[in-house]
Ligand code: GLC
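Only one chain comes next, encoded as structure tokens, the form predicted alone.
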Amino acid sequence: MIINQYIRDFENLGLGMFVHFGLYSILGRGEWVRSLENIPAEEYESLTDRFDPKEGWAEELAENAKNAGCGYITLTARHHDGFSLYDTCGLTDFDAPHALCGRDIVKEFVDACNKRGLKPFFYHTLLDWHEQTYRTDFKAYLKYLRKSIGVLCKNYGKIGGIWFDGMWDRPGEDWEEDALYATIREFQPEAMIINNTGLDARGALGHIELDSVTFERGNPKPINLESSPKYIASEMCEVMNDCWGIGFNDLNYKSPAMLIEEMVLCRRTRANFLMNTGPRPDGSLRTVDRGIFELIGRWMEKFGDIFRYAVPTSQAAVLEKEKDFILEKDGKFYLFCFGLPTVADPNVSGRVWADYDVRIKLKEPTTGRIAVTAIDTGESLPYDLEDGILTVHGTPFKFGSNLVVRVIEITIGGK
């Protein structure tokens, strides 16, 4: 099996920021607003007269991503409405340089990413509500699509990858994937190629040029690569509330704790976590979105190195626990513990500590020294070893600190 280094490098990024930003942001009713509300084309496309992200929007975005511990950002260079945030170089005038802002928004995005060492990825729609040939002459549309992708691959320096979405709209068509992916490989041979399989086909393998499967809003599962000639990564994308593009009245936010748990559980199968935000019309993030990324960043400050680089192991396995799992890095094991409470005076916390034991089956017997350490506190934890089963006795979070998921380092013998 071929293992491409750029795919491994992608896995080591671990966490990414997904950004849904476009004309739909002006209306604030989600990224599918044109289709769901049957807005006439002329009315919707007149929103270009109001599209004017503020100067510095990309700098703020990238700074938020960097502080959250993200390694990459995936921006909707063109969503299903067909509006391009990039200069399409004459392919269409339905793009940002022809809008009120008169600027190449993708260039600003790429520059801000590069300045902070973040890899820029481009989301690009495959279906298109604006381009007439999508409905009238599909072969001609595919040529338009490939030329659009060529512009993105040639004009913005080295990119992290391209994230396609929408092939599910015409499942019976020949999308000429060979030619589409060859366009990327010609100009960006080490770019990740990802094609979202949507809600109904999470984790499904596809064309051989694809480098990662997707789990849209779904718990990643191990993928079967027995028949694959190359190694393929996986990625789970998640939304904070119900809309990918901003919904001014979408208040149904998930808790930061839930999102941190989802993020961490992705690494059980080495999947990346792509956390979405929908900026306001001026490109700024809602206070709550910034706050969630800030809290994720606090967790990554403590455990980010382990999160990015530790890998699944066959040398140890957690028994009985539903969520707890173990990874390995540099000869050490790392136990991820879920559900530890904060414990203090009962009149303060209202929670009483109950024993939290994690039983770990070791593949190889050991009689050597064992060290068990909570990474966040540096505290040595008690343990028992009997018949190849290592039992780690967890401790609660102290009042004023609850990191949702604790990582415990386990060193065995000469490791």
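One-based numbering along the sequence shown. In this text, all values refer to a predicted model and were calculated from it rather than measured experimentally.
The same protein has a further form, the form predicted together with the ligand, not shown here; the description that follows concerns it.
Open item on the list: I'd like to know whether residue 342 contacts the ligand in the predicted bound form, with contact meaning heavy atoms within 4.5 angstroms.
Closed with: Close contact is absent here: in the predicted bound form, residue 342 is far from the ligand, nothing within 4.5 Å, heavy atoms only.
Open item on the list: So in the predicted bound form, is the ligand close enough to residue 96 to count as touching (4.5 Å, heavy atoms)?
Closed with: Because no heavy atom of residue 96 falls inside 4.5 Å of the ligand in the predicted bound form, the answer is no.
Open item on the list: Even though the partner isn't displayed, in the predicted bound form is residue 202 close enough to the ligand, meaning a heavy atom within 4.5 Å?
Closed with: The answer is no: residue 202 has no heavy atom within 4.5 Å of the ligand.
Open item on the list: I'd like to know if residue 237 sits close to the ligand in the predicted bound form, meaning any non-hydrogen atom pair within 4.5 angstroms.
Closed with: Looking in the predicted bound form, residue contacts with the ligand include residue 237, since a heavy atom lies within 4.5 Å.
Open item on the list: Give me the residue from 338, 168, 231, 309 that has a heavy atom within 4.5 Å of the ligand in the predicted bound form.
Closed with: None of the others qualify; the residue that does is 168.
Open item on the list: I need to confirm a contact call. Of 72, 334, 293, 123, which residue comes within 4.5 Å of the ligand in the predicted bound form, counting heavy atoms only?
Closed with: Of the candidates 72, 334, 293, 123, 123 is the one lying within 4.5 Å of the ligand in the predicted bound form.
Task: Partner-facing stretch of 293-301, 79-87, 319-327, 133-141, counted where any non-hydrogen atom is within 4.5 angstroms of the ligand in the predicted bound form - done: Checking each option against the 4.5 Å cut-off leaves 79-87.
Task: Joint contact, 20, 196 and 244 to the ligand in the predicted bound form, by non-hydrogen atom at 4.5 Å - done: Checking in the predicted bound form: 20, 196 and 244 are all within 4.5 Å of the ligand.
Task: Neighbours of the ligand in the predicted bound form among 245-268 [non-hydrogen atom within 4.5 angstroms] - done: Read in sequence order, no residue approaches the ligand (within 4.5 Å, in the predicted bound form).
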